[in-house]
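Have a look below at one chain only, the form predicted alone, in structure tokens format.
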Amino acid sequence: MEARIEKIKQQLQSQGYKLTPQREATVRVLLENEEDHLSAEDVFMLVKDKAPEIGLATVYRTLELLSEMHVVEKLNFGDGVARYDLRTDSSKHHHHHLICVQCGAMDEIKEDWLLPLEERLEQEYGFTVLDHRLDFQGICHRCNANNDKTNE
């Protein structure tokens, strides 16, 4: 975790920003909850435990700054709530999401199944894909299992 914080600190410094204690607390919360897609309010509630003096506006500004710097990705899954996801160095592209329209659950597809399509776009259209995002909306396996039980 410390190595990732140091890398983010360097990214901020290269753009003329500092890793203030409030920003560091926000980054730590994102790192500790990397598997979740936290809203700004979620981040705020968790940061408040580490830095009680921090305000919601500071968390919003920090998340927006990190988003502009491509440290986090701001996601919108159609529910009107922006969520934030840390970008990783290891993946060229972002992962994909399965979003349940019944319960709101979100599962991730970590593999990049679109690489063959990207290669085809390059070959046939001379188009270089820099990034992409794919979200599937449907009914998750948990709701399908519950639906099957209620239909029996």
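What you see is a predicted model; the values in this text were computed from it and never measured. Throughout, we count residues from 1 along the sequence that is shown.
Keep in mind the form predicted in complex with the DNA is missing from the figure; the text below concerns it.
Interface residue among 31, 121, 109, 56 relative to the DNA in the model of the complex, by the heavy atom within 4.5 Å criterion: 56. Proximity to the DNA in the model of the complex holds for none of 96, 133 and 143, with the criterion being a heavy atom within 4.5 Å. Within 4.5 Å of any heavy atom of the DNA in the model of the complex lies no heavy atom of residue 46. In the model of the complex, the DNA lies within 4.5 Å of some heavy atom of residue 61. None of the heavy atoms of residue 10 is located within 4.5 Å of the DNA in the model of the complex. The closest heavy atom approach of residue 137 to the DNA in the model of the complex falls outside 4.5 Å.
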